[in-house]
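Taken one at a time, structure 1 and structure 2 that follow are two forms of one protein chain, written as structure tokens.
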Structure 1
């Protein structure tokens, strides 16, 4: 090997070690950058013309990216986002049935039947009769208000879901654009590590909104699947939309280009969109059904008994409440129009002969409070309402427990991913020292070659 080859080897060594130091410097400067994946300098031996020994060649940069760990982290992050979204929505639902201040529906049920008890003691007292109408009206108003709040929350969650779909589409479009840019950069031999990191961050953001799975397909295209459908394929992005189906439930549609939209609602499994869908169409719907059942059962039982009695005018057969069949009973229940402002029509007596002093029917109305007239004849009115509140509370508690579990799992998988792909300052300092020593050695090699050349020139 000649002196010129030694100079070439030394020059390659200087360039290679400087390149490695530069890559290490990138890692150090991005130690706290979210989504940054550690780079490794790739260097390899290179043969020299006419020589058995070679120099060193800069091959490029390798990202310390583990697809398996990254996908696990993305899935766990999506499930954590689902749990938090679900829990937050259930918090609003639980607040509807907060009876701690004494103005909740539970108190209105109790006050309704207490007014019947007072009526039984004073069937001719105008004030007592007026109180019965007031309490009955308050009971109906409480049911309507609770129903209205549930409906309002479901409307808000629908709007939120539409907003989430809009965010999903925006991110999907940016990922598709990055896919094209990455393909162009790598096709021209340029390094696309930064764009890979940007795409990784977008995938992470997307997982907060909807369940995500990404992979490279057989043709080399980067594919993102969400809710069981292809959201991004190479440079093409699909479109998610949210609407209501014929039952009034959320319906998530996926559409690519001019193809017909497909319903992917049943495929949701993570992200905020799934949390909203579950809270709106499962939990809130269950609460609404139980509330409707309570309204219908109590109103029907009271109406049946009230119609059997007689008012001060000697007339029977009147209902106290006007209530529609399920669904919608809680939203429509009111005082019967014939009873509004007519306390004398309250049927306290069980027979016309006992008017005006009879109170047996008022007593019968009061004891409905302890009868199993609700939930298919298995629960009293208060028990049925307690079941409703307890069910909402249990769902909320389960959601809170799920948040704790999912956040722990997300933190664990992120830690595993970071240990594989993240930057360790200790390791980078060791690498800097190693490359520095290599650079110094290459410098000494150049000085040695220079001394040899100087000696050769003197000899000549």
Structure 2
């Protein structure tokens, strides 16, 4: 090997070490970049023709990417997003029935019956009679308000779900575009690592919205499946939309190209969309049904007893509440129009003859508080309401526990993924030092060759 070859080897070494320093620098600069997959500089020996020694060649860059770990992290992250979305939505529902801060209905239920108790003690007192009407109106208003809040939250969740679907479509379109760009770049032999990172980030973002599974299919296309249907296939993205079905529940539709939209609601299993769907159409609906049942049961029991009694005008057969059958009882309950502003019509007496001092019917109304008139004749009004509070609380607690579990799982899988793909500044510092020393050694080699050549020139 000639001395000039040594210079060529040193030159290769300088280029290779500088390239490795560049890669290290990229890793260091992206240490906090979400979704960044650390790079490794690939360098290899290069044989020189006719020589036993060789130089070094830059082969390229390798991404420390583990498809299996990444997929697990994406799934776990999606489930965590679902749990958080579900829990957050239930937080709003819970606030409607939070009697610990005075926003619940328990006061209104007990005050209604307490007003009957007071009426029984003083059936001819105008103030006591007016109080009964006020309390009955407050009871009905409380039910309507709670029902309205549930409806409002369900409406909000519908809007949110539509917003999520729009986001999903936006991300799906960008993934499809990136798929094309990656295919073009890799087809032309260019490095597409950055685009792979971008696509990984988009998949991660998508998993926050809807359950996601991605893979390379047999024809080499990158495929993203969401909610049991294909969302992206190579450069084509489907369209996800949210509407309400005939029952008023969320309906998630997926449409690809010109094919008819398919209902994928039952296929949802992760992401915010699933959390919203569960909170809206399972939990909120359950609370609404129980509230309707409570409104209908109490109003019916009170009306039946009230109609049996006589007002101060000696007339019987009047209802205290106007209530529609389920569903919608809580939303529609009001004071009966015939009773509005008519305290004398409150039926405290059990017979016309016992008017005005008769209070047997008021006593019977008061006693309903302790009678099992709700939930199919198994619970008293306050027990039925406490069951509703307990049910909402249990759902919230379960959702909170799910958040804890899913977040831990997401953190664990992200940790495993980062263990493989993340940047370690410790390692990069060592690499930097190593490549720096390599570069210095190559410089030294050039100087040595230069010295040798200088000595040779001097000898000549």
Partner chain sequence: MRISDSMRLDAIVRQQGHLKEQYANASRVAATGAKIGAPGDNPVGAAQSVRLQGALDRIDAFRESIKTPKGDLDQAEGALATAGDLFARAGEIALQGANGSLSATDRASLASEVDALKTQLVDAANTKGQAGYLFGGTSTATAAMDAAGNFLGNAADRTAEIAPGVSAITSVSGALAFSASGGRNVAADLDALRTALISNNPAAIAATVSTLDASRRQILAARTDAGLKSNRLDTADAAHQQTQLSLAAQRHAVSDADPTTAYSNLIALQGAVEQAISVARTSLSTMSINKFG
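Numbering follows the first chain given and starts at 1. All figures in this text were calculated on a predicted structure; none of them were measured in a lab. What we label the rigid core is the largest C-alpha set whose atoms superpose within 1.5 Å from one form to the other.
Looking at the condition given, the form predicted on its own, one finds it describes the source of structure 1 alone. Its Cα shifted by 3.8 Å between the two structures, residue 426 is reported here after superposition on the rigid core.
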